[in-house]
Every structure is written in structure tokens, then in C-alpha cells.
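A single chain comes next, written as C-alpha cells; it is the form predicted alone.
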């Protein structure tokens, strides 16, 4: 069974992705700088299906077959750089958004390479970095009884890795994969997360992205 490690997986977004991956039959390791905290968070999550979910250190999560980066944006590069050897040759999924709150809105920040996925790709030259899971409301993700029916926009310069992540997303309850294209789209995809969150704050909602007109 495929193991998916989630770096920084104890946050709301990481928990939601981990829970739905485990419910899709994956063995999931929620990673954290504090392994004891990760173990406690994992015990509070109950997946449905054949998969498993446990907490551990980020180092243990990095040993997974596929690794998701769900850390805060300002520590993401340092986290993956320290684990570069463990991540070499693997598909690494970035769900990191560089955002700051300003009043009732989230404002996107643009790192030197334009997007956090591009920053991670630059730090992990021996990995295949894919962007995904950016526009999902964490509260709906962790609630397996929610009516979530969301599209997940996927981008990468590695076509095989895009397809692998798309297959994984399609197996997750309530999610559908939409391959957008190359890493050149990273900045636009990540920045739109600020729009999604700001709309939800303003309207006290849990909306998500659903693209009409696609045959999926």
C-alpha cells in the first residue's frame, strides 16, 4: 500500500488532506517538528476505509512514497531543504500558499520565483514537485460527512507526476482532479487561494472551486 507523508500535517489543511487520503486507502503519516503532538492529532482523526493514519516526525513523514508539503509558507523551503536526501526521486506535492491577512482579506505574497511551488522545485532539484490542494476549505475536508464536491487544480513540469497525483486525488472522497498544466501556472493558482479564503471570510461560508464545462 502506498504511504503518503505530510510535512507539517498537523495544521487544519494537512489534517483534511491526510484524513481523505487515508479514507481513500493510503497509509498516511502526519509529520510535525513535534512528533508527540502529531501522534495526538492523528489519534483524533478517524478515516473511513482501508487506509491508516498516524502521527510522527517530519523526518518519518519524508520517508513516504509520496510526500505532501503542508507547512507554513515561511518555513517550507527550510523544511524541505533539510530533508532533500529523503525526498530525492519522489513526487513532492506542494499545497503551500504565501498569504498574509490584512483586515478581513488574505493578500497573496510573491516569493522570488513567483510561487511557493516554484521555490520548492528550486530547492528540490532531484524531486518531481507538483502543486495541488490549494483551494480547499479545511473545515469541509476534515468533515467526511460534508457535501464537498471540489475540483483540485494540479500543475507541474513533470507530466508523469501530474498524472500520478491526479489518480490519487480522484480516489479521495469529494475531490476531482483537474490538470491545469506546467509550473508556469503556479503563481496564478496559488494567488487565487487568497480570493477563495477572502470570499469565505466575508460571506461566512465554506465555498470551494468547481469548474463547470469539464467532462469529469
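Numbering follows the first chain given and starts at 1. Keep in mind that this is a model prediction, so the values were computed, not measured.
Keep in mind that the form predicted together with a further copy of the same chain is missing from the display, and what follows is about it.
The contact residue chosen from 178, 172, 60, 41 relative to a further copy of the same chain in the predicted complex is 178, the criterion being a non-hydrogen atom within 4.5 angstroms. The partner is absent here; in the predicted complex, the one residue of 45, 153, 161, 66 having a heavy atom within 4.5 Å of a further copy of the same chain is 153. Residues within 4.5 angstroms of a further copy of the same chain in the predicted complex, judged by any non-hydrogen atom, belong to 182 to 190 and to none of the other stretches in 66 to 74, 182 to 190, 26 to 34, 45 to 53. Although the partner is absent here, residue 1 is not a contact residue: none of its heavy atoms lies within 4.5 angstroms of a further copy of the same chain in the predicted complex. Taking the partner from elsewhere, residue 143 is found to have every heavy atom lying beyond 4.5 Å of a further copy of the same chain in the predicted complex. Using a 4.5 angstroms limit between non-hydrogen atoms, residue 118 is distant from a further copy of the same chain in the predicted complex. When a further copy of the same chain is considered in the predicted complex, residue 198 lines it closely, a heavy atom lying within 4.5 Å. Shown here without a further copy of the same chain, the chain has 102, 105, 106, 107, 108, 110 in 88 to 114 lying with a heavy atom within 4.5 Å of that partner in the predicted complex.
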